[in-house]
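Only one chain is included here, represented as structure tokens and corresponding to the form predicted on its own.
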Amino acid sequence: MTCPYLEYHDEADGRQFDQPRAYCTAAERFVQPMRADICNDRYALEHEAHCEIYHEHAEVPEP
């Protein structure tokens, strides 16, 4: 399952990107590729277990 706060944007502030970039709507900022791996639950990472931003905004108990 992908984080519900993850979006991909292909432009921002009047700039167009070659590839869409991961954007966290909870933190209101673009995120680094490794953070996007957590958001997408890749490589045995899970946003519900490994993302502090998700926990701050989803109000779920810490694992």
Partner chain sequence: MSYADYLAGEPLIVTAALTGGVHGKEANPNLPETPEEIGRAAAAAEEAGAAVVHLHARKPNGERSFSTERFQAIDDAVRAHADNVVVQHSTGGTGAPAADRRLPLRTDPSPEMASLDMGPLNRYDHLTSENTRGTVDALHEEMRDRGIKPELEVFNDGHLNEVHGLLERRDLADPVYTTLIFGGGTLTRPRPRNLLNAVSNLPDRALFNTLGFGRHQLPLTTMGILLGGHVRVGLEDNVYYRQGELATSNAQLVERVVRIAGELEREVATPAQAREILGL
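What you see is a predicted model; the values in this text were computed from it and never measured. For the two forms, the rigid core is made up of the largest set of C-alpha atoms that agree within 1.5 Å on superposition. Numbering follows the first chain given and starts at 1.
Only in words, not in the display: the form predicted in complex with its partner chain, which the text now covers.
> Answer yes if any heavy atom of A44 is within 4.5 Å of a heavy atom of its partner chain in the model of the complex; otherwise answer no.
The answer is yes: A44 has a heavy atom within 4.5 Å of its partner chain.
> Although the partner isn't part of this model, could you tell me whether E52 comes within 4.5 Å of its partner chain in the model of the complex, counting any heavy atom of the residue?
E52: yes, in contact with its partner chain in the model of the complex.
> Does its partner chain get within 4.5 angstroms of any non-hydrogen atom of C24 in the model of the complex?
Output for C24 is no: heavy atoms all beyond 4.5 Å of its partner chain.
> Hey, which residues along 22 to 42 are within 4.5 angstroms of its partner chain in the model of the complex, non-hydrogen atoms only?
If the 4.5 Å heavy-atom criterion is applied to its partner chain in the model of the complex, 22 to 42 yields A22, F30, V31, Q32, P33, M34, R35, A36, D37, I38, N40, R42.
> If you line up the core, does H9 shift 2 angstroms or more at its C-alpha between this form and the one not shown?
No, H9 moves less than 2 Å.
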